[in-house]
Structure formats: C-alpha cells, structure tokens
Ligand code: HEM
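In the form predicted alone, a lone chain appears below as structure tokens.
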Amino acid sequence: MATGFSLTKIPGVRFLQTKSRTRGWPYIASWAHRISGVMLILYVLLHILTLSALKNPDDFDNKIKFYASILPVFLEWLLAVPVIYHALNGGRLILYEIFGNRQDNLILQWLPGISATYMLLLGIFMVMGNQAVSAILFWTYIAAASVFISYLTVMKIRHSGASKLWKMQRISAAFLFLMIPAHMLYMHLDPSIGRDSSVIIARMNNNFIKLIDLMLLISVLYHGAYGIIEISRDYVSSHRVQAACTATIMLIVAFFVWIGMKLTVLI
C-alpha cells in the first residue's frame, strides 16, 4: 500500500517540527530573522557595489546583463522572501518589545499569509513589467508613513534605560519596516526602473530621491552592522576577539557607507 507524500519528507521540515515542539515557534522565528538579516546585508553590500558602476553607465549595463543571465526572474523573485520575512518579523518584535503586544502567537500565525500576499503582488508586477508610478509621489507616501512609525517608536523608548545604540537600532528597524519591502516592490514595477542606467541616473538626480536613498543607505547599514555585531557576541566569548570583530564590521560598513554616499551625492 502506497504511503503517499508527507511534508516530513521535505528536508528541514522534520527539524522545524521538532524544534517547534521543544523550543517553540518564537525560537524558530528568531533564528530565521537572524539568517534573513545576514542574507539581506550581504545583498545590500553587493547592491551598493553594483550601483557604484553607474559612474560608467556602459559598465553598469554590462553588469546588469551578466546578473540577469545567471539570476533568472524566478530566483530574483525568491529574493523577496528574506526581505518580507525580516521586515514583518521585525515589526512583530517591535510590537512585542516596545509597544507591549502580548498576542505574539497570533501575529506569528498572520506572518505566512501576509508574506504570501506580498510575494503574489510582487510576482504579478514582475510578470506584467509595465507599471509606472511617480517616484516622488510613491516615496513621499512611503517615507511619510515610515517617519511616522519611527516617531512613535522614539516616543515609546526615549525614556527607557536602554543604550543609545540599541535605541537607534530599533528606530532604524521601525523606519525600514515599510521602506525595504516598498523599495523591492518599486524596483520591480518595470524592469527599466532598476536595470536601465539612464532611468536610474535620472531618478537619482532628484534631490528628494537623493535624500531617500541616503536615509535608506544609513539606516540599512547601521541596522545590519548592529545585528551582525550582536550575533557575533553570542558566539565569541573572548572580549578581545569581540572587539576585533566589532572593529572589522564597523570598518567594512563605513567603507560601504562612503561608497554609497559618494555615489548618491555626486551622481
């Protein structure tokens, strides 16, 4: 008699089921948050290096063609998985830590559905590839909403006894909660938005867009650096090695901030 297909036969599913029973889903969500965060910061660094080629448009266009040849649309679409998960789970953590939400399990149950809706919407836009929206109008609404969420976060934690670096990390998380998923969505409304050097340069020549890009650059790299430093401290017991890791991470991030700011300001 055929046993049929079982989800437990999928690699990793049995492991997740075991861990969910022994440690709980918040534990799994926490590890997934860390893994997705590391994936995103590596992607951001690669993204900055790619955009730095805009000083030579032909070089940039050649790089984009190369990436397109090794990264099919389906895999590019899958890159949105860590983006939307990290953003939504980050929002869950902010609600729990800062705003006192204690319906954590309920929010965890909503995460897959909201993530799937985002992925479906993004996939539709990527397949259509012909959507147009004013960059100024789009980013005015998104930035205003993000600043408002950041303001609410500031009001909740300003009198807490936490360190300033921790507060800045949570504020950057609140700001990026909408900004990062919106950025990925915007960049896939039409292929030319993120792949045509002339379109990108024309957009970045606007001072408002420069401001948005600088805010994204600084927020993402600070948030990512803080997160990686905290992860390293969980596994490194030596204070000297911790200090060395922290210094190395800060130097790398400072280098990419310089590249990003130079590109944004001078283009």
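In this text, all values refer to a predicted model and were calculated from it rather than measured experimentally. Numbers follow the displayed sequence, beginning with 1.
Not on display, but discussed next: the form predicted together with this ligand.
Proximity to this ligand in the predicted complex, defined as a heavy atom within 4.5 Å, singles out one entry of Leu152, Met168, Leu189, Leu93, which is Leu93. Distance criterion of 4.5 Å from any heavy atom to this ligand in the predicted complex singles out Met204 from the list Ala53, Val236, Met204, Ile28. Contact with this ligand in the predicted complex, judged as any non-hydrogen atom within 4.5 angstroms, is confined among 142 to 150, 173 to 181, 106 to 114, 156 to 164 to 173 to 181. Among residues of the shown chain, Gly123 is not one whose heavy atoms approach this ligand to within 4.5 Å in the predicted complex. Using a 4.5 angstroms limit between non-hydrogen atoms, Lys63 is distant from this ligand in the predicted complex. Residue contact with this ligand in the predicted complex: Met119 places no heavy atom within 4.5 Å of it. In the predicted complex, Tyr43 approaches this ligand with a heavy atom inside 4.5 Å.
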